[in-house]
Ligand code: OGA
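Encoded as structure tokens, the following chain is the form predicted on its own, with no partner shown.
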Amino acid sequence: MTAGAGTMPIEVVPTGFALGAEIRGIDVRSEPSPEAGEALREAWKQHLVLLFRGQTGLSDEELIAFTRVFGPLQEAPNSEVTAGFGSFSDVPPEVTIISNIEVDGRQIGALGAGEADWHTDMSFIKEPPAGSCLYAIEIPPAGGNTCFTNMHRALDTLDSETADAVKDARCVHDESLTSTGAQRQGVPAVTDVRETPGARHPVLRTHPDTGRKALFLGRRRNAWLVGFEIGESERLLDRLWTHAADESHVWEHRWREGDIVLWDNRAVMHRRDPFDPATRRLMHRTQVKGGRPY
């Protein structure tokens, strides 16, 4: 597929995996034509994850303007970093710093250098973001790859027994831990999953733009299927997570400086590999505003 972006044609090149496509022939600093903007949004609906390479030197304002092609923005969430360990005041409120870098003994961003488990961004709030847009400014020489899994496909290939068991279920999405397992400031540790803090969302979610159903799991730790006995909830959740993370649903992205990756938070989960904490990784993230899952 090609479409005009200003005076340049754009090309959508699928990854060949269960999701994802690279968008070629576009400088995200330039406002796309109405036709190109619509083509980008259609590509996002179809492929769920879009990759834009070679976008080095992008300012936060340019990243924000580009993200708005896909919808209004959602401001950066409060986190351990914004609560006192970082320096988010240096960026606009729509931008989150994802980094392991320290300045004067203080972390400038969130999530550090460790592994980030499979998760859905900010699913613990009532209206999670529709999408996340991550821009690579500095990349370590090894590690830090990001994997994405197609939750439409995960549901489509789920065995009928499990699908029937969770078709009307709601799951609590844990607010107490980050995707790296760190305790959020001001949120008590969970000792009983039936008391896990966080929003309760349907396990089978409807995509508001396409009408397609997808599994919507959030993150595994401290999850609970509301109203289920704990043992049955654990059994079903383990089965759902194992199936959702199957490699047949997954695409792995190896970052380069200047990459922008936009993913659909409503139909995609992602995880990050760890990397050497002695190396530097600096990303800026924006998010497309979402609605209440149904």
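Computed from a predicted structure; not experimentally measured. Counting begins at 1, following the sequence as shown.
The following text describes the form predicted in complex with the named molecule, which does not appear among the structures shown.
Of the candidate stretches 26-34, 265-273, 48-56, 223-231, only 265-273 has residues with heavy atoms within 4.5 Å of the named molecule in the predicted bound form. A single residue from the set Leu134, Val95, Ala214, Val172 has any heavy atom within 4.5 angstroms of the named molecule in the predicted bound form; that residue is Leu134. The single contact residue among Thr146, Ser123, Thr178, Gln74, judged by any heavy atom lying within 4.5 Å of the named molecule in the predicted bound form, is Thr146. The three marked residues, Leu111, Trp255 and Arg281, each reach the named molecule in the predicted bound form, with a heavy atom inside 4.5 Å. The named molecule in the predicted bound form is not approached by Arg205, whose heavy atoms all lie more than 4.5 angstroms from it. When contacts are judged by a 4.5 Å heavy atom cut-off, His201 does not count as touching the named molecule in the predicted bound form. Shown alone here, His119 lies within 4.5 Å of the named molecule in the predicted bound form, counting heavy atoms only.
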